[in-house]
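We begin with a single chain expressed as structure tokens, specifically the form predicted alone.
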Amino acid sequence: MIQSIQPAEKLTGTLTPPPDKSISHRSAMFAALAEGQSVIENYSPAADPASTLSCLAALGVDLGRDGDRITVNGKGRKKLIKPAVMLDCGNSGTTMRLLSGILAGAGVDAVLTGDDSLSARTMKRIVEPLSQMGGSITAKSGEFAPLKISGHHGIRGMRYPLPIASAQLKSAVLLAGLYGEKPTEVVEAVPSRDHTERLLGLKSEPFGTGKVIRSSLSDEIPLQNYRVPGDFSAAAFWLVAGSVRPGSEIALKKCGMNPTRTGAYQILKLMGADIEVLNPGMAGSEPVADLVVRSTELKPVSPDPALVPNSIDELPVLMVAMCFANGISKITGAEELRHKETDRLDAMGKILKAAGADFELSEDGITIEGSPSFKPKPVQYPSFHDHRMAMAAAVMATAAGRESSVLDAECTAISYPDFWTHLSELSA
């Protein structure tokens, strides 16, 4: 599908971002491992969390769905069954990596596969620690899907310093650790998303600049009864769009404001963005709030690399914001972008080049010379079949002088099925 985008004089309106994808995945998985019925409201309608539900059903989990409400009758951590088919994770790295931790810990015979994009992403980072713990897991060429998981002779608790800041790697190890008699300790030097620890109620304690998180067979897995908050990663596209289009004002309702997810908010505030936080509260163990963004001239920024892990999914649209900042911005420490659905550094380089931006890529980041008067070229942007590339290009295109378009725009359904509708509503 080719999506046309008309230039927007300003963006105004109120909307609720889609349900948080990361929390949706975890809520369903953890509900399946709990003993008893969980009811989860506002479950994500996106394609990735749907992959998680189909995989859980294949593992014998009894679940039902009524709109955005899912009911999961948990089997307990030891009663997942051998699936009759390969577990298709679609495009979802979260599904594949977290389920691998659970199944390697449980010793359930299963094969996990995915689409071409997911099958090209390395899984070596989870295969190695899960194998060290006693799990039986093998990958094509040692690092790619399909992943084959088999029974084992017991999970060994271990102390595991995270080699990179990765919530998926951290979660895979902790989930396997739930099957070990002795605790598994994950040492996290640089904070990453902590939804797994929050939703499972895992014990942790400070360690240097980070923390140590523990899991073991003695941890009771709680039922998952709550309403999933709005996805901050989705809201970030509107925070940037509202900041750079003069005269804009966008209200975003019930956004997740977990401090391990809001690095992009901190970066935008450093750039001078006018973002107001209203009605703070809690949705289960997760902080939420309403946000209002108003247009303003942005300053250049070179964010601390420590902010990068907690803004990794938002960095593409932050690069768009930097094109409109008054000076030179620089991102470093973002090499992880090269291992997403596509090489997002290279992909954003192609999008920025098409737009006519002044930038220079490096191995782990980018330098952008921005200007408040920057006017993107009205072109046809590639999406690289990557939802975040498509949405970042769309935000860029709202500032062009004439109609632009995005190729393969249907890929936004991976995380934000209503994105194009919401863009049209705000542009009207």
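Being a predicted model, the structure only gives us computed values, none of them experimental. Don't overthink the numbering: it's just position in the shown sequence, from 1.
Note that the form predicted in complex with a small molecule isn't included here; everything after this is about it.
In summary, the region of this chain contacting the small molecule in the model of the complex, judged by heavy atoms within 4.5 Å and restricted to 89-97, 247-255, 144-152, 292-300, corresponds to 89-97.
In the model of the complex, at least one heavy atom of Lys340 sits within 4.5 Å of the small molecule.
Residue contact check for Arg193: one or more of its heavy atoms lie within 4.5 Å of the small molecule in the model of the complex. At the 4.5 Å threshold, heavy atoms of Ser329 stay clear of the small molecule in the model of the complex, well away from it.
The small molecule is not shown here, but in the model of the complex it comes within 4.5 Å of a heavy atom of Ile312.
This chain appears without its partner; in the model of the complex, the one residue of Ala167, Leu175, Ala321, Ile126 with a heavy atom within 4.5 Å of the small molecule is Ala167.
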